[in-house]
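Heads up, the chain below is alone and in the form predicted on its own; it's given as structure tokens.
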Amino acid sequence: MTQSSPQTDAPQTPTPDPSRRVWFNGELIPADQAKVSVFDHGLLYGDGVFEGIRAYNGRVLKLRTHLVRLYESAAAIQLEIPYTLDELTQATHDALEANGLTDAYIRLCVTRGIGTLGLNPYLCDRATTFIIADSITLYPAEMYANGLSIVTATTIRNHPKALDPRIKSMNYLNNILAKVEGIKAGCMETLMLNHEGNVSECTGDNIFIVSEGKLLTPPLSAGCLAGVTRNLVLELAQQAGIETRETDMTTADVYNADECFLTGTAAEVIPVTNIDGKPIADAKPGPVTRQLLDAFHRVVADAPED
């Protein structure tokens, strides 16, 4: 009897809708015609950078912040983006408009481009740039109301001196291996530790805990991404008078937290009520989490593009 493979937390990828448009190297083309060469180093070696961005009510949240990070990631790997920041700003809006979307998830990717069968990035003539605008639902609605269960992965985060976590690169194999562990455990997200055994981040989200009235999150030195939503939540907490600290923490700190939640562009703000089979506090989303989630929703209603 053949054993079936583990079920993933997302449906199988459908055939691209030909009515959809993708911004591809300066042109809006049908989604089913948007194709990357097999010689593109983004495909061959994960050599490229990207941003996940959200639009609400026709406005793109923190678009400039995302684009600045994209250019910083590209500069860190010596990848020249063949468009200006203003051109990519307009291209992002064009991709939304072409697909008739006002609320959307946007994936902006820049690969090293077409090159030879070898690692040398200088043999790639020009970067490949594309923007996908579509809908996304990362977690079911009931998990935002009742909380998410996560597990701790045995796969650790990349050492920050091996790959700077500030670089949002296309090479996500480290995260994917941890994600597989979570899927096999029946969880939709997985906590990752760093080389020192401290909490870093989850496979696609930053992590926060509330302890003794303070909002705590790992520092960037722990190997986590400087998430745009992470930074926004820190700002909202400070505006609300909540004491915030970026500090190293262990799984024991998470186990004993009063509250826990995750942040991310796709995830937004989602409570965590169970980790490694252990309930966090009373296994219900806490008041600070709900306060910050409400504050986040008020901000995205206006979706500032700074």
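When you see a residue number, it is the position in the sequence shown, counting from 1. Since this is a predicted model, take the numbers as computed values, not measurements.
One more form of this protein, predicted in complex with a small molecule, exists but is not displayed; see below.
**Prompt:** Can you check whether residue 273 is within 4.5 Å of the small molecule in the model of the complex, heavy atom basis?
**Reply:** Result no; residue 273 lies far from the small molecule in the model of the complex.
**Prompt:** How about residue 225: is it within 4.5 Å of the small molecule in the model of the complex, going by heavy atoms?
**Reply:** Yes, residue 225 is a contact residue.
**Request:** Please run the contact check for residue 172 against the small molecule in the model of the complex: heavy atoms, 4.5 angstroms, yes or no?
**Result:** Residue 172: contacts the small molecule in the model of the complex.
**Request:** Give a yes/no on whether residue 106 approaches the small molecule to within 4.5 Å in the model of the complex, heavy atoms considered.
**Result:** No.
**Asked** Pick from 202-210, 143-151, 78-86, 120-128: which stretch has a heavy atom within 4.5 Å of the small molecule in the model of the complex?
**Response** Partner-contacting stretch among the options: 202-210.
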